[in-house]
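Below you'll find only one chain, the form predicted alone, shown as structure tokens.
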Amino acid sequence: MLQGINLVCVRGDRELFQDVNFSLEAGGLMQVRGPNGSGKTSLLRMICGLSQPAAGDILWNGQTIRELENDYYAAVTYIGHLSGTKDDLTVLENLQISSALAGTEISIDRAYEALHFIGLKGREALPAKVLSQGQRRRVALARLLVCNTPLWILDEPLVALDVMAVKLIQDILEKHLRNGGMAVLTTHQEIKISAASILELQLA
């Protein structure tokens, strides 16, 4: 179970949000919504452990993630709102290296399988710099097909994707949830997943 307890976020001299509480169990998805500047990305970074709340705690199975440290990080896959692809690396290299940096070594065969499934068949040897923004996003999201983590934290995963790709990502998310996984995401696009709950942030 993932829980947020009385979370407060401060950036500079401005408080973005306070007293944010949530609870997410296996098989659940939480969509974080709110206007620009309300702290959506900041909250996701807190949940990842990349930044600390000004007050409050984030718990994983009843323990604070600060105490768990690497045991928690090993359970998380985070994909930020930028694709994170390296221009001079090939599509295949980007997937293999990003997965390795996240702690998952994958074979060439498994990487090819994931890239084919995500819609990048025939582009595996291309440098990322020649890809469209939507294709770069697919490269980043291909990590979801090769990771074995229960908790996915996704910042605008659907940005730059066409209708078919959005449907594909929704299918991947639904399979993850059916298998007992969890997901926290932000998106400005409509997402049609029955297990989704909403956490609404307001401008302070």
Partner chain sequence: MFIWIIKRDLLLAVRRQSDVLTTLFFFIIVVSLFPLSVGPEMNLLRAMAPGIVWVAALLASMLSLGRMFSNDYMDGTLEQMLLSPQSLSLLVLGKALAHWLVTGIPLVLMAPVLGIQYDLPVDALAILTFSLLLGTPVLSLIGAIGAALTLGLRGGGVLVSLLVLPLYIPILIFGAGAVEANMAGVEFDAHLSLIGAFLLVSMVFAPWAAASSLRVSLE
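Owing to the predicted nature of the structure, the values given are computational and were not obtained by experimental measurement. Positions refer to the first chain, counted from 1.
Beyond what is shown, the protein has a form predicted in complex with the partner chain; the following relates to that form.
- Message: Residue-level question: is residue 102 within 4.5 Å of the partner chain in the predicted complex, judged on heavy atoms?
- Response: Because a heavy atom of residue 102 falls inside 4.5 Å of the partner chain in the predicted complex, the answer is yes.
Q. Residue 50: heavy atom within 4.5 Å of the partner chain in the predicted complex?
A. Yes, residue 50 sits close enough to the partner chain in the predicted complex that at least one of its heavy atoms falls within 4.5 Å.
Heavy atoms within 4.5 Å of the partner chain in the predicted complex: does residue 124 have any?
-> No - in the predicted complex, heavy atoms of residue 124 and the partner chain never come within 4.5 Å of each other.
Q) Does the partner chain get within 4.5 angstroms of any non-hydrogen atom of residue 179 in the predicted complex? A) Residue 179 lies outside the contact set for the partner chain.
Query raised in the report: Judged by heavy atoms and a 4.5 Å cut-off, are 152, 156 and 163 together in contact with the partner chain in the predicted complex?
Result: Checked in the predicted complex: no contact with the partner chain for any of the three.
So which residues in 70 to 85, when you check the partner chain in the predicted complex, have a heavy atom no farther than 4.5 Å from it?
-> 70, 73, 74, 78, 79, 82, 83, 84, 85, in sequence order.
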